[in-house]
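To begin, one chain is listed below as structure tokens, in the form predicted on its own.
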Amino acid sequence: MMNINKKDLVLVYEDDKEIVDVSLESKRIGYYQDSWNRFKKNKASFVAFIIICVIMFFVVVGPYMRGYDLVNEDPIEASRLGNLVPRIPVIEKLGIFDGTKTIQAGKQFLLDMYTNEMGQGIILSGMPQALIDNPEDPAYADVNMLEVVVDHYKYTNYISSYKPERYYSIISQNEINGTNNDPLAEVKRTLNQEEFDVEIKNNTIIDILQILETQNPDDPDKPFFQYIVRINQFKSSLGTSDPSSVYFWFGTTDKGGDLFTDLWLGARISLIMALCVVSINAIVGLTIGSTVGYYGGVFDLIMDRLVEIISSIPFLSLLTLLTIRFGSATWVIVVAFTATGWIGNYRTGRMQFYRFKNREYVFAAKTLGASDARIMFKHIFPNTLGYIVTGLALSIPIFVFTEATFSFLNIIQYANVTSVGMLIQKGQAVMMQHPHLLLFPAVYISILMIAFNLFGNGLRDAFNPSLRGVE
């Protein structure tokens, strides 16, 4: 090998082309771009992020998407359309959320409704044909109640506009007790002349039961007229005489309100308060915690003792005392949740800054003359960002769930708004009769909790500097 002539050594070219060095043409990826790339690769977290975006869209737009305009704002009149079951377009063709409901009602009431012109198309199944053909059939002599499937929208309109469900039971009670209760009292309306003219113009009057004439004290020649009538409730309240054309996606509440609208209004209140509480807690807690963790010393000892005193205050007692004294205004709830809520962020900031302040790159930055502010925000803060963002992301559903819990327990009672917790409380009370009132608020809370937990886990990994560039 030592005797080889160097002139005999030549470069080998590929395809007679000279081998040259090629410069690397790659785009520099910043810290946040790299974090976003890692986050997108976490499929569960990315799907959770999309779900959160969808929820936020409905929180902003949902209250204005309801499929009807409530013409009649009278709460008593609106309550006549209460507890309607959900009906969702397209999905109703699958046999779910199609506006049907299984009910139990009196035999005579169902027979009358089945044969009445106003009751056509209400009973969908369950009505025995033998009973229809022969109402006096001995086989049904002892049967008082029947279970049938009805179009709940038409059924509600029938019992609130034409004949109440208790009609025959009131007649029976009158015969037994010798009373004279009016079986049609629930569907009667008493209108003056002006109101009567409006209802006639809108074509909402089913029939006129009675006309009362009273003397006008100001002008005896011009008497007062009062009309006792029955009104088509759907036509009066929703502007349509066909209940089948109305879609309440999540059904209605006991007061006739659209549950879809009420749910997103309640979610809006909860999320706005959550953002306020989380922002205040983060600003106060992280500012104090990072300063204490970085500088330490006597300041650290004093703050630790102060935090121990504040954290020893029971949150439930604090919340109860504030709501008893000042009511359940939104600012009271925000104060209650921030009075001790910043301590968690304080401990996170203190721990993380105490952990990283003695690292080699921090000493190097100090040696090069970097200021404390630059070291804290440029060198330490990015390393703690993953933990902080994860904590903030998880704080939002925790607040929503906690606020819903205390609303459910009646500790928080808003005066003019209905939160998700209050919807759950009302739904739980009637869950056996009207399960949709509990179903949709509970599903919303569950999806929100799961989505934010997955989203927070994804953010933790994405903002972890030690994973930068790791596939």
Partner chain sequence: MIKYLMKRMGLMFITFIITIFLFFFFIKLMPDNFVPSPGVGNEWYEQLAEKEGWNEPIIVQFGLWIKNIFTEGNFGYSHIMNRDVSEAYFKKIPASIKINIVPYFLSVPLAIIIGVYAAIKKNKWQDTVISVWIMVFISIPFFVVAVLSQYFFYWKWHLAPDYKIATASEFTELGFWYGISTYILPVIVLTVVSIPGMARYVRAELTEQMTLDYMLLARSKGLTQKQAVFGHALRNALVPILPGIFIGIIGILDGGLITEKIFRVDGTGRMYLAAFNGRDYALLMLINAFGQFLTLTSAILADVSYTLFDPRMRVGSGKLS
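Since the structure is predicted, the reported quantities are computational estimates derived from the model, not experimental observations. Positions refer to the first chain, counted from 1.
Only in words, not in the display: the form predicted together with the partner chain, which the text now covers.
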#### Entry: Contact flag, residue 39 vs the partner chain in the predicted bound form, heavy atom cut 4.5 Å
no
### Query
Quick one: is residue 49 in contact with the partner chain in the predicted bound form, heavy atoms, 4.5 Å cut-off?
no
### Query
Does residue 418 make contact with the partner chain in the predicted bound form, using a 4.5 Å heavy atom cut-off?
no
### Task
Answer with yes or no whether residue 326 is in contact with the partner chain in the predicted bound form, where contact means some heavy atom within 4.5 Å.
yes
### Task
Look at the stretches 124-132, 153-161, 245-253, 305-313 and give the one with heavy atoms within 4.5 Å of the partner chain in the predicted bound form.
305-313
### Task
Taking only heavy atoms into account, state which residues of 231-262 are within 4.5 Å of the partner chain in the predicted bound form, ordered by sequence.
none
